[in-house]
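Take a look at this single chain in structure tokens; it is the form predicted alone.
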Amino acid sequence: MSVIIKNLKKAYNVVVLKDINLDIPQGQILGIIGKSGAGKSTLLRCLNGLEQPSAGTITIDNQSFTGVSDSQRRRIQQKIGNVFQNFNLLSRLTALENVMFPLKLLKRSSHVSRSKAMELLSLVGLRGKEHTYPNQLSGGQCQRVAIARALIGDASLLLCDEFTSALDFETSLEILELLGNLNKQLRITIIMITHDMAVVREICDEVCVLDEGRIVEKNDITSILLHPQNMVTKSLIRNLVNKDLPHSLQDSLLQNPTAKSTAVLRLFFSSQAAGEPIISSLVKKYDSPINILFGNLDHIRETAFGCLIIAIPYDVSKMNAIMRDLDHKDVSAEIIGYLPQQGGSLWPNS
């Protein structure tokens, strides 16, 4: 299913969504990210028909989803699957019965519903768990049941709202891998709401950043992570990196430079730039010591990239030139703070 959103607005006592415009082709995996209160869940509720927009239009699979009768809207909703944070499984029903439940409400043949549910449980990796109750399943298994249930009506659009928040990291990766496989096998369009950059970098083709009800940035996942343009996007990426930084460094960072301070930069290297002697060339060119504080290899979907946190004695004229040099070398660079120099050391409390 393709989705086209034009000039969408949603207001209660206050305006929650303003001038939302999105064009999502069939088969794309789109991540919608933002901080709490940005309007992410409200947008998803407009997309699944639980909320009606105050203005604007939504077109799903070339059919209007706004300004239509209830019966027309319900026909489209049957092709939309929803996956939530808390699974929302019925505790008195088995995994098989939970998956069959939407078709039971539609009064579909029990034999056909059972056969289809069995097939979907196998597809999501739960063969042999058909007669198990939710309280006997792990969180990851419950989410797999929820995904199978969301697909039972031949859904071609899957809406996921913070669906990994209740899962540990390893289980989250397994669920993301499952969704990626379903996307490839079924050509299903997936729109996922999250505040976690670690989720979108695993699976999303494109990322849309919401802030105060507006889209402030939209780009492919590589551009979003390596070359973020908006401060909200940069903040979300910084949270992804800062969780690996020593607390002593995080606690010592200043927001503004002092007379004698050290600039701390976060560098993202694409796989192409990773083979270049970038740090050593900067040291030679600018005759400035560079201290590597932290580094790791990471990935954006199947593409590897490197992350370095470096410290350079702050000199405004040199710093501007260094930032330009890094940009020319296709290295994403951002000053994330400043350290007061102590006894000539670039490392705090050393």
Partner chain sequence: MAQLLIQSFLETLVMVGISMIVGTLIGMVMASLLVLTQPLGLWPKPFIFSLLGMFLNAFRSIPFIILIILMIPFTRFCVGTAIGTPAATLPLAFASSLLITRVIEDALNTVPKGLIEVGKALGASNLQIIMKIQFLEGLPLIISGLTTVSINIIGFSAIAGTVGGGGLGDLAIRYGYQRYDFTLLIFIVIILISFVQCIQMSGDFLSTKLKK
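Residue numbers count along the first chain shown, from 1. Remember, it's a predicted structure, so these values are computed and weren't measured experimentally.
Although not depicted, the form predicted in complex with the partner chain is the subject of the following passage.
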property: The partner chain contact at P102 in the predicted complex, heavy atom, 4.5 Å; result: yes
property: Touches the partner chain in the predicted complex: R74 (any heavy atom, 4.5 Å); result: yes
property: Exercise: K35 in contact with the partner chain in the predicted complex, heavy atom 4.5 Å; result: no
property: 4.5 Å heavy atom contact, N82 and the partner chain in the predicted complex; result: yes
property: Residue (of M231, V112, L90, L254) lying close to the partner chain in the predicted complex, criterion heavy atoms within 4.5 Å; result: L90
property: Heavy atom within 4.5 Å of the partner chain in the predicted complex - the one residue of N181, Q78, Q250, S280 that qualifies; result: Q78
property: R45, Y133 and R149 all contacting the partner chain in the predicted complex, non-hydrogen atom within 4.5 Å; result: yes
property: Segment that reaches the partner chain in the predicted complex - one of 166 to 174, 102 to 110, 209 to 217, 181 to 189, heavy atoms within 4.5 Å; result: 102 to 110
